[in-house]
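Here we start with a single chain on its own, the form predicted on its own, put down as structure tokens.
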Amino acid sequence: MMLITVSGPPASGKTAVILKVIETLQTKKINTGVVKLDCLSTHDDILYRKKGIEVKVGLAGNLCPDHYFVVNIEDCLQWGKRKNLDILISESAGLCNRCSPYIKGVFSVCVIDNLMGVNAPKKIGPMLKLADVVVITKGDIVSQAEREVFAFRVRQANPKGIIINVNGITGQGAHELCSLFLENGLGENVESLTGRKLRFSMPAALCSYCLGETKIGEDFQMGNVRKMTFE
């Protein structure tokens, strides 16, 4: 079974893109399922089920969804194997723009949208920089000049990645993205992820607020604390 990891900021169009890609895969008789990882709630599983797609939802709650991804992805993989899937797609929202749920040797996709602004690629860390493919959505809403500048900034952030524009409503570009999936890893049979490494480390330490502290002030700040410098 092939595993593909898809990440991106909330509302960037990840689910819409995945749905259009799976529609193409279904015409090729490729059995594809999805693991949807979110924070508090999601209704995207309803959209997948309406298309006859196997889907499993995981809600991170008060945990970082990308940390939640790493803890659960091996179990997700084994679920996909039990479902006899040919491809399993994991969908995770990179809320902090710092984490990166990408695994060495596993095909990775980052979805971002033109409405984020032309400077947004500079603000996104390894989630964008280490992706094999960067999918840019919502290009029909901005001008040609804005699309070109945005794509240029993406190229600066990720010189080696493949950049492709996909319209999550019409499906334009989804066939090309599907072809990239098939050309770059369908032969990669992932039996287990145990022992495999992430492409980039998660944040190095926890602060007291990560552990549930609510009071403000130095007396309540412990762990990974970084202070600003003022003159």
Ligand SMILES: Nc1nc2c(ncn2[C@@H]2O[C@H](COP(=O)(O)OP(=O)(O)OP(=O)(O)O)[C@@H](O)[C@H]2O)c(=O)[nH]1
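Predicted model, so just to flag it, every value in this text is computed and none were measured. Numbering starts at 1 and follows the sequence shown.
The same protein also exists as the form predicted in complex with the ligand; that form is not shown, yet it is the one meant from here on.
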query	finding
Sole residue of Glu148, Asp75, Asp140, Asp86 within 4.5 Å of the ligand in the model of the complex, by heavy atom	Asp140
4.5 angstroms heavy atom contact with the ligand in the model of the complex for Ala11	yes
Residue contact check: Ile169 to the ligand in the model of the complex, 4.5 Å heavy atom	yes
is_contact(Thr24, the ligand) in the model of the complex, heavy atom dist at most 4.5 Å	no
Contact of Asp44 with the ligand in the model of the complex (heavy atom, 4.5 Å)	yes
Per-stretch contact check against the ligand in the model of the complex, the hit in 140-148, 102-110, 75-83, 155-163 (non-hydrogen atom, 4.5 angstroms)	140-148
